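Shown below, as structure tokens, is a lone chain in the form predicted on its own; questions about how it binds or moves come after it.
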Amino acid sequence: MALLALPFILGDGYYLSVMNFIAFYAIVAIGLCLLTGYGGQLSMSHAAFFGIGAYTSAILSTRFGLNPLISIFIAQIVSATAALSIGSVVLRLKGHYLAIATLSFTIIVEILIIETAWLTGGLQGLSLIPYISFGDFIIDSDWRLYFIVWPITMLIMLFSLNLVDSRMGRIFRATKESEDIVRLFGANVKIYKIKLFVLSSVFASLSGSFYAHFVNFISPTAGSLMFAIDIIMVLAFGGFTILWGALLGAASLTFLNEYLTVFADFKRTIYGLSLILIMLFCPNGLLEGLKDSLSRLISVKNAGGD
């Protein structure tokens, strides 16, 4: 309810626009949190699926004249098919090998976007992407988008929270700890890993489609390696194993991006150093690290009081 009241507090301006971009980041981060934090699969491909969703929907709308809603739906089918194909191969790998394989996929997608300029616009990007519309109701303002994208974000969050508490979610968590034990109980580990990979990839793709139809422009940076690092940073701030942390991490990174514009030349250096420090001292994410530190501090104080 507090989120629904925010537009009336913020007004139709800069901060409302920032809130919408937080939602875009959060949807991708929730998917990656499910895959990495609960499934134990370190993937760098979510930027690629964000780009696939954005470009597929944008191309279908601008080049072929399809309704944006139909374009978005088809884009998710394309992304799910791509995720199924890629996941069936790369999920045989683990750890850093999986990260490198998915990173390679992201680089390939970025190169394809640039090189197929006749379709994607190449480095110039693709513009004049139509707004999402429901009949005569057009989502052409931050205010209108807010009441579409944030309810969808919260529904995805609710779905994800229920998923991790379900039988399937318990299998995901068990797979993260030991795949051999899961197999002993008769679960098909490969199928479950692929299902989670496809689901999390579709989350990223859906966010990309919404982004394209609201900004009305898409460029290769949307599916780039740098965007993949941004999503990793979101989880590094919010926590790799805390779904709600994806929202907090998305908010932190979005506002940080806005306030680091004066240090644009050094932004990636700052991100790199921040990520190294977080991984060294808070491997489960900054939020989880702060929570653990606070718990230890309270325990020490209680022990001292006794």
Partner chain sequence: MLDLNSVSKNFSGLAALTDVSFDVKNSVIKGIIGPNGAGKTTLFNIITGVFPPSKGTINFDGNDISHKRSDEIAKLGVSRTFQQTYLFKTLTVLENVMLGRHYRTRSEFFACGLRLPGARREEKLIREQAMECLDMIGLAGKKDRIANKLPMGEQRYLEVARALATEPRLLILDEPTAGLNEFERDDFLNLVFKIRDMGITILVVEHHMKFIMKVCSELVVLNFGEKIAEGTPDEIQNSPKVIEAYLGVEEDIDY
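Residue numbers count along the first chain shown, from 1. Just so it is clear, the model here is predicted, and its values are computed rather than measured.
Only in words, not in the display: the form predicted in complex with the partner chain, which the text now covers.
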In this chain shown alone, the residue from 74, 90, 182, 215 with a heavy atom within 4.5 Å of the partner chain in the predicted bound form is 182
Per contact check vs the partner chain in the predicted bound form (non-hydrogen atom within 4.5 angstroms), the hit among 116-124, 223-231, 101-109, 196-204 is 196-204
In the predicted bound form, is there a heavy atom of the partner chain that lies within 4.5 Å of any heavy atom of residue 172, even though the partner is absent here?
yes
Heavy atom to heavy atom, is residue 96 within 4.5 Å of the partner chain in the predicted bound form?
-> no
Is there a heavy atom of residue 159 lying 4.5 Å or less from a heavy atom of the partner chain in the predicted bound form?
yes
* Should residue 188 be counted as a contact of the partner chain in the predicted bound form, where contact means heavy atoms within 4.5 Å? -> yes
